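Listed next as structure tokens is one chain, alone, in the form predicted alone.
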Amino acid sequence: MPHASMTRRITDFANRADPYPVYEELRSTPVLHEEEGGPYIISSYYDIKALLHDPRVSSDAANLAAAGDDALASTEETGGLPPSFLRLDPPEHDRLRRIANSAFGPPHRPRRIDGLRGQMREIVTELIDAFGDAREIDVVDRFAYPFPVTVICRLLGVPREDEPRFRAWVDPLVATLDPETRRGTDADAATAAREARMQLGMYLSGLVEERAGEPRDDLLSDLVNSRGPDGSLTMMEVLSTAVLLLIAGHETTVNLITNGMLTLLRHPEILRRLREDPGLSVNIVEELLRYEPPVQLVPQRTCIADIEVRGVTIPKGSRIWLVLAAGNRDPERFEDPGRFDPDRGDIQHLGFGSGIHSCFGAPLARLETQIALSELARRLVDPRLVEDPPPYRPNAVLRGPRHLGIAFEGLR
């Protein structure tokens, strides 16, 4: 039986529970190109960081299609909505992101995220209280999913009674981020994603029309009524941005919280420290973003000019995979990178990417995860894993457990 290519091993579900040995092997060839028309895979910290800031690397869905990955582009451009700014290059990317950011945070809305702190604590308390007399729960279904999806819906202004409808729309959209899915292993994935994107867009268009006539104190109202030096958003741009924020605003955080709880249960001495000192959650979350990042790789990039990396010329028009999780454990950058250590003095991770496409919602994800982990640590009595490793989601890009069963003796 022929040896599987490294490209296949990165996306192979058999390696999902522990992909890090594959990444370690990958770093021995920092610029890997295995087959004609295949991606150039970049795995070292400094190379990834440089390329994330390189204007010759494009995120435009049209360039990705031209490079031979048209499944993602067709998913983004159908369903009645244009690509989000995540799939655009400057200057259009910059204009849309600036308008969205003015509604999301400083300088126009400096307290929007921090102002949610009280509501976040209330939501977390309600979710943990709802464990009741149970002595075993699934952290994903009972906590890590409902918490961030509730927060992003409140932020956007989605009515609470509609929150449960979103998972059916979000799951097929997230599935198309996986290179294995886009390679055609699931012929129905693109169709399901287009349908979900259309339904989500139609639902949000109703909310947008309401906010245009009667603005409220929510993110959707600000997007609809934005007027500034960058102009305003069209109806379609509002919808595309709202869909992006809804998906990106919770899916990665679900994995960050779940990966965090799994890691803490594997390091009980750090879990104990967090219980005694909730302030440690700030460093814990940063180290988690390095050690177990929810976004493992960025496969949606193409070269719009020849680029030389470590003596290898990546030709114009080539696809690039940036394996963030491999860079986060690069011994050239981090001492003892395979050790989970929230006391590191320098945790400049790639967990939120870098450059113009760095994670738009990083402040929100940080705060949510800090509150979630510190409260779970404080309130669960003697928590322990039911199964290690837990069952993982199939997605190689957004990596995290599908379920995380934990047993405990009660609630504090």
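Bear in mind that the values here come from a model prediction, so they are computed numbers and not experimental data. Start at 1 with the first residue shown and count on from there.
Note that the form predicted together with protoporphyrin IX containing FE isn't included here; everything after this is about it.
- This chain appears without its partner; in the model of the complex, the one residue of Ile284, Leu256, Leu239, Ala193 with a heavy atom within 4.5 Å of protoporphyrin IX containing FE is Leu256.
- A single residue from the set Ile320, Ala248, Ala103, Ile128 has any heavy atom within 4.5 angstroms of protoporphyrin IX containing FE in the model of the complex; that residue is Ala248.
- At a distance threshold of 4.5 angstroms between non-hydrogen atoms, Pro294 is in contact with protoporphyrin IX containing FE in the model of the complex.
- Contact check for Ile347: no non-hydrogen atom falls within 4.5 Å of protoporphyrin IX containing FE in the model of the complex.
- In the model of the complex, protoporphyrin IX containing FE stays beyond 4.5 Å of every heavy atom belonging to Val139.
- When contacts are judged by a 4.5 Å heavy atom cut-off, Ser28 does not count as touching protoporphyrin IX containing FE in the model of the complex.
- Figure note: of the listed segments 90-98, 330-338, 115-123, 267-275, the one touching protoporphyrin IX containing FE in the model of the complex, with heavy atoms no more than 4.5 Å away, is 90-98.
- Residues Gly351, Phe352, Gly353, Ile356, His357, Ser358, Cys359, Phe360, Gly361 are the members of 342-363 with a non-hydrogen atom no more than 4.5 angstroms from protoporphyrin IX containing FE in the model of the complex.
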